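As structure tokens, one chain now follows by itself in the form predicted on its own.
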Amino acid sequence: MKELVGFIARALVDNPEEVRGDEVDTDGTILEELRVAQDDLGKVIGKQGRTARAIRTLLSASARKVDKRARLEIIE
């Protein structure tokens, strides 16, 4: 799932080399932490958070295939 979030984020931003992602798996919940350049933060979040919501939806659907829950945190 880390690869999925990274792939989507790199496609959206101007500085794809600065996209970093970490994955923490705890008790059936996967926490994806996404870091992007400060200038690209708005592109990943989108207007009214629509892009971030769409990424979270894809992440949740992917996590359900392995019977887990997933959360995405976009870190400045």
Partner chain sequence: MTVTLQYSGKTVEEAIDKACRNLNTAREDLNIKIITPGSKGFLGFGRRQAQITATPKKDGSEFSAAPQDTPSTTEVDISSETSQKPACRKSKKDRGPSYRGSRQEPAQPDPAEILEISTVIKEIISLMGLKAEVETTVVNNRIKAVIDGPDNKLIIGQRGETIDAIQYLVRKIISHKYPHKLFFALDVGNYRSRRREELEELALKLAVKVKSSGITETIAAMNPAERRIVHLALQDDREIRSVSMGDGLFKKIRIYVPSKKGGRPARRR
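Just so it is clear, the structure is predicted and the values come from calculations on it, not from any experiment. Numbering follows the first chain given and starts at 1.
Omitted here: the form predicted in complex with the partner chain. The next part is about that form.
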query: Going by a heavy atom distance of 4.5 Å, is Ile8 a contact of the partner chain in the predicted bound form?
result: yes
message: Would you classify Glu18 as touching the partner chain in the predicted bound form, given a 4.5 Å non-hydrogen atom cut-off?
response: no
query: Should Glu23 be classed as touching the partner chain in the predicted bound form when contacts are defined as heavy atoms within 4.5 Å?
result: no
message: in the predicted bound form, is there a heavy atom of the partner chain that lies within 4.5 Å of any heavy atom of Glu3, even though the partner is absent here?
response: yes
field: Residues of stretch 36-52 in contact with the partner chain in the predicted bound form (4.5 Å, non-hydrogen atom)
entry: Lys43, Lys47, Gln48, Arg50, Thr51
